[in-house]
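One chain is shown next in C-alpha cells, namely the form predicted on its own.
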Amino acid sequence: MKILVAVKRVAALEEDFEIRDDGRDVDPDFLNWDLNEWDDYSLECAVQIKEAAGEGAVEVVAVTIGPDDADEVLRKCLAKGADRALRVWDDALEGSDPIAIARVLAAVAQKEAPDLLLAGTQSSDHAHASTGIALAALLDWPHAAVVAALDFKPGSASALVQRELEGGLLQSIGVQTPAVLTIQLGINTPRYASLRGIKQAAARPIETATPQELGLAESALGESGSLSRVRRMYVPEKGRAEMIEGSAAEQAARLIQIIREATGA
C-alpha cells in the first residue's frame, strides 16, 4: 500500500524584517525556512504505520509544491523514513492560494493512487488550515480534520481516528479509505533524523514534475486559478492602553470621547 504525505517549506520571520517592494509579502532576505511543524507529525504517522507493517508492506511518498529550494524539506523527509520524494513546480504556480495548491496535490494523488493521504492541519506561516480539506473535496474522498489519534492497519478498508472538537472534546469516527486526514500537533513525537539517514538522503534523487505533466491547465494555477489573493501586507500600528479613572459619569464621558476620536464622529 501507499501513503502520500503532503509537506510544505514554511517561512519564519526574523526579528527585524522589511516588506517587499510590491507590498504584498515579506522580503525573502528576512525569512528563515524549514519543514512545517504540523507536516513533521504527519510524516511521523506515516513512518510509524510503515514500520508496524513490516519490510516492504508500505511505501511512504512525501510531496511538496515549491521551487528548487524546497528539496531541503524533502531530503529531511527522506532522512526520517520516507521512501520517495516528489516536488512539483512551475513558475505559473507563483501566487497560488491554498485552493490552487490543493488542485495540484489532487492531481498528484490521482497519479500516485495512495491508500491514505496525510497533511498537516495547518501551516505555521499562513495558517489557512484549508489545503487538506480542499484536497479531500477535489478528490471526493472521505476526510477527517484535526486528527489527534490514528489507528490504521495496512490493507484495511477504514481508519479509526480521534479528532479534536471545540472545548477540548474528542470525537472517534471511522473513515473509509482512501481518505484525507489532516494531522494535529501532539499526535506523536516526531523523530530526529539520524546522521546515517541524513547522509543517505543527500544522495537520493528527488523526483520532479510540472503541473502541465500532471494534466493541469495554466488557468488552474497561480493567481488565475486562485480564489483569494494578497493585495497588501503591512505592519499594523501599535496601539496603547489607557486606564479610565474617575466616577462612573466621568468614565462614560471619557469612553464616548475615545470612540468619537477613533471613528471621527
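For every residue, the number given is its place in the sequence shown, counted from 1. Only a predicted model underlies this, so the values are computations on that prediction, with no experimental measurement involved.
The same protein also exists as the form predicted in complex with a small molecule; that form is not shown, yet it is the one meant from here on.
Asks: If we take heavy atoms and a 4.5 Å cut-off, which stretch out of 5-13, 237-245, 21-29, 252-260 is in contact with the small molecule in the predicted complex?
Replies: Among the listed stretches, the partner-contacting one is 5-13.
Asks: Taking a heavy atom within 4.5 Å as contact, would all three of R103, Q110 and V180 count as contacting the small molecule in the predicted complex?
Replies: Answer is no for this spot.
Asks: Although the small molecule is absent from this view, report whether A129 comes within 4.5 Å of it in the predicted complex, heavy atoms only.
Replies: A129: contacts the small molecule in the predicted complex.
Asks: Can any non-hydrogen atom of P114 be found within 4.5 angstroms of the small molecule in the predicted complex?
Replies: The answer is no: P114 has no heavy atom within 4.5 Å of the small molecule.
Asks: In the predicted complex, does S123 come within 4.5 Å of the small molecule, counting heavy atoms only?
Replies: Close contact exists here: in the predicted complex, S123 approaches the small molecule to within 4.5 Å, heavy atoms only.
Asks: A119 versus the small molecule, in the predicted complex: is there a non-hydrogen atom within 4.5 Å?
Replies: A119: contacts the small molecule in the predicted complex.
Asks: Under a 4.5 angstroms heavy atom criterion, identify the one residue in L221, I65, V60, I49 near the small molecule in the predicted complex.
Replies: It is I65 that has a heavy atom within 4.5 Å of the partner.
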